[in-house]
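So here's one chain in two forms, each on its own in C-alpha cells, numbered structure 1 and structure 2.
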Structure 1
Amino acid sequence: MTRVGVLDSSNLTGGQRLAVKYFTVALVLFGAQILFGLLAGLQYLKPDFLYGVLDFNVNRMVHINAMVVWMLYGFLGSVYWLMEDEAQHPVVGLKLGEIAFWVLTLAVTVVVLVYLFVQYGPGDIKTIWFINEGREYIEAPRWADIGIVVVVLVFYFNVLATFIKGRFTGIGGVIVLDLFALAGLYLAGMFFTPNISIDQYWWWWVIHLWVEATWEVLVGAIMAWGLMKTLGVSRRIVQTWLYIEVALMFGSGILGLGHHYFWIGTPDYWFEIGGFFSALEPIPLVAMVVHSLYDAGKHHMKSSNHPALAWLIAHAFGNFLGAGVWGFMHTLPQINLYTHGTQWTPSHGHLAFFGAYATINIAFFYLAAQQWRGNVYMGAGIAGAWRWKWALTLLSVGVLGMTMALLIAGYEQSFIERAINGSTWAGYFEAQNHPWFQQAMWWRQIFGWVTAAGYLLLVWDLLAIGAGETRTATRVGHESEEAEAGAEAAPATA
C-alpha cells in the first residue's frame, strides 16, 4: 500500500531502490568534493595550512576525483531510476547490479583512503597498480580502473537486457549505444606509451570523449525522460532533439576534441579543426528545454515537482553557459595561447561541470525523493519550499561567484604572465603576487563557502521535502505519450 508523505522503500521498484543507493553515495561524494575543494582553496591563500599532513596536491586530487565519481554515480542511478518505466519491464539481472554497486563503493572508499594515507613516495610498477597511476584527473590505480570497466559492463548488461526484454524506445536505444562507448573509451586511459605526445593524445580521449562526449549524450537521454515526467512533454519533441544531440556529438564533438591538441606536439591542422568544432555540443539540450517549455505552455506549465523542473531548467542554461560560452571563450588557439594553464581553465571547469552534470543529478534526486514518499505532491504551495529555492540559489550563486573570481584571476595571469612577460618564471611569480590575483582567490574561497551552505541546505531539503504532505502528484502532459511509445516500440508490419 502506498504511503504518501512517508519515506518507504515499498513505494519503489527494484531498480529504483538500487538507484536510491547510487544517489545516496553521490550526495555524500558531492559533499566530499566541496570539502576538499575548500581545503585546497584555503591552501592557495595560506600555503602552510595542513602542510605535511594533508598537502595541496592530495586535496586537489580528491576534490576532482570526488567530482567525477559522484557525477558517475548520479548518472548510473538516474538510468536505473528511469529504466523500468521506459522499458516497461523489471531490471534484468538486478542482483548482479546490486553486487556491482557494493563492489564499486568499496573500491572508491579504498582508493580515497589510499590517497589520504599514502601521499608521497617513489613511483614504480607497484604504485601504478595499487597506489596512484600519476595521470592527472584519472589517478585511480590500475586495479580500480579495471573495476570501473567491469562495473560499467555489468550496468550495460542490466540496461541492454532490460530494454531487449521490454519496450525498446528511442531514449532506450540512445542509452544502450552510449553506454557501450562509456565502457570502451575508458580503456584509452589504461595504458602508457613512452612518447609524451602520444600518451597525452590518448589521455584526452578519456578526459574529453569519456567525460564530455559520452556523458553529454547520456545526460541528453536522462534530460529527455525527466522533461516528460515533470512537464509531460511529447516524446516526439524530446527524442527529436536527442537525436540531433547525438548527430552533433558525432559530427562536431569528436572533432572538437582537437582543442586539447594544440600544445602537445600534434599536427597543425588541429588548430583549425579543434577551434571550430568545439562549441556546438550544448545547443540541442538548450533547444530541447526551450521547445519543451513552449509545448508545456499549452497546459499552463503544470508540474507536480517544481524543484526537479527548476534544476532541469538550470541544467539546460548552465550547460550552455559553462560548457558552451565559457568553453568557447578560450578554445580558439589564438586565445588559448595566452589562457592555457591559467585560472581561466578552472573558471570554465567549475561552471561547466556544475551546469552540465551536477544540476541534472540533483533534479533526479528530487524525482527520487518524490516517489520514495509515495509519489507525493511537490508542486506550488508545498510546505518548506523556501529550502529548495534557497539551495538552488546558493549553489548557483556560489558556483557563478567562483567562476567569475577565477576568470578575473585567469585574465590577470594571461595579461601579466603570458602577454607581457612571455611565460617566464619571473612573469609567473609576478602574476601570482598581483593584487588582482590574490583578491580573486579570496573571492573564490568566499563563494566556495556559499556553495557549501547551498549543499547543506540541499541535503536538509532532500531529507525533509514532502514529509507529512497528503496530496498525491497528478500526472501531467500528453495523453498520447504511452501510445507514442507503444507505436515506436511496435515491430513494423507490412
Structure 2
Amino acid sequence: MTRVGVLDSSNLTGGQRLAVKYFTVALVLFGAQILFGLLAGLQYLKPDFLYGVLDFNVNRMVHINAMVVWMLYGFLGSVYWLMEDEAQHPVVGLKLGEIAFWVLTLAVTVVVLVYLFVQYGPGDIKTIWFINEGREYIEAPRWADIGIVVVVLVFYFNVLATFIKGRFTGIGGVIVLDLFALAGLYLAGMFFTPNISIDQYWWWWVIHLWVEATWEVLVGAIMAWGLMKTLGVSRRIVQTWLYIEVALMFGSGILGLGHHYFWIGTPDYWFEIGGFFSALEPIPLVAMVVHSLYDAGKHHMKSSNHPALAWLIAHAFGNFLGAGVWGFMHTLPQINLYTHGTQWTPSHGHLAFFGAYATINIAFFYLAAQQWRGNVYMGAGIAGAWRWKWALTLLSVGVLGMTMALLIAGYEQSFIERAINGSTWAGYFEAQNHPWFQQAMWWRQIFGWVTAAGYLLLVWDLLAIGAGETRTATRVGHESEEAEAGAEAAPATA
C-alpha cells in the first residue's frame, strides 16, 4: 500500500530501506564536516581558539575524514538504491548487508570518538593500529581499515550477486568493475613504510585514483541512472555517453596521477607524464556538462523530481568547474611549482569535492525522500519549494565564495611566499600576514557560515518536502512516451 505524502518505510523496497539508512548517516556526517570546517576556519582567525582542547590538526582531520566517509556512505546508499531497479532483482544477501551497515556505523562512531578524545599517540605501531594512521583523508586506524574492507566485501557481494541473479546492464557492468578497482585501491593506503616519499607515492593511489578515476566513473554510472529516472532519457543514450566518459576518464585520469609526483622525490619523468595526462582530464568533464545540459534541454526540464534534477545539473557544472577549470589552472608543473602548498589547493579541493560529489549525493537524497513518501509529486509548484531552492543557492554560493576567497589567498601566497621569497620560512610568514591573506580568511569564514545555513535548510527540506502532498510523481516515460506521460500527470499548480 502506498501512502502518498506520508513518510512510510513500506513505500520502499528492501534495498531502498538499507539505502536510506546510509543516506541518513551520510547527512549527519555532512553536518559534522561543516561543523569541524567552521572550527578549523575560526582557528585561522583566532589561533588560540580551542587551543589544547581541539587543535587545528584535529579539527582539520575530522573535517576531511567526515567528508570522505559521508560521501562513501552516499555512494553505497546510491548503489543500494538503484541496484534492484537496474538488475530487476531484489538485493541478494540483504540481511548480511544490513549487518554490515551497523558494523560500519559502529566502527565509524568509535573512530570519531577516538579522534576527538584520544587525538594522537606516540609515533609507534600501536598508534597506527588503534588511534590514527596519519594519512590525510584516510586517517582511520588499521583495525578500522580492516573492518572497512570486510564491510566493503559484503557490499560487493550484494552488488555482484544481485546483478548476476538479475540482469547485467551496461550501468550495472560499469558499477561492478569500477567498485572492484575502488575497493582494491583502498589497500594501497594501508601498509606502513618509514620512507615518506614511498608513503606518499602509494597514498596518492588512493586519493587521486579515487577522486579522478574510480569515483568519477562511479558517479558517471549513478548519473546515467539518475538521468533515466528524473528525465526519462533512454538507456541507449545514457549508456553510450557512459562508455565514452569511462574511456576518456580512465585514459587521462590514471596517468594524470603524475601531477602529484612533481615534488615528492619521484623521478623527473613524472613532470611530462603528469602534466600531459592531467591536462587532458578536463575533456571528459566538458563532455559530461554538454551531455546533461543537452538532455535536460531536450526534455524541456520536465522531470519527475525537480530538486533532484537541479542537483544533478549542479553536479555536472560543479564537476566541470571545480575539477576541470580549477584543476587545470594549477596542474602544469611550470605553475604548480608556485601554487603547491598554498591555499590554491584547498580552493580547488573545496569546489571539486563539493561540485562533483556532494551534489550528486544530495540529488539521491531527494530521490529517496520522494519514494519514502510514496513516490510523491515533486514537480513544479510543490509546496515549500523555496526551501530546496534556497538550500541549493546558499550551499552553492557558500562554497563558491569560500573557493574565491581561498583563490585570492593562494594567489597572493604563490607570489609572495613561493616566487619572491623562494619558499623560505620568512616568506611563509610574510605571505600569511599580508592583508589579502588575512581578509581572505575572513571571507572564507563568512561564506562558510553561508554554507552552513544552506546545510540546515537542506536538512529541514529533506525532512519536510512532500509532507501532506497528495499528488503522485509526474511520470517520465521513455522519450517516445513523453506526450502520453504528460497527459496523465497531475496538473502542476505553478
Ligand code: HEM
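In this text, all values refer to a predicted model and were calculated from it rather than measured experimentally. Just so we're on the same page, rigid core means the largest C-alpha set that superposes within 1.5 Å between forms. Numbering for residues begins at 1 and runs along the sequence of structure 1.
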Answer for which single form is the form predicted together with this ligand: 2
Phe364 C-alpha shift between structure 1 and structure 2 of 2 Å or more, rigid core reference: no
Threshold 2 Å Cα movement between structure 1 and structure 2 for Phe163, core superposed: no
Phe117 C-alpha moves between structure 1 and structure 2 by 2 Å or more, core aligned: no
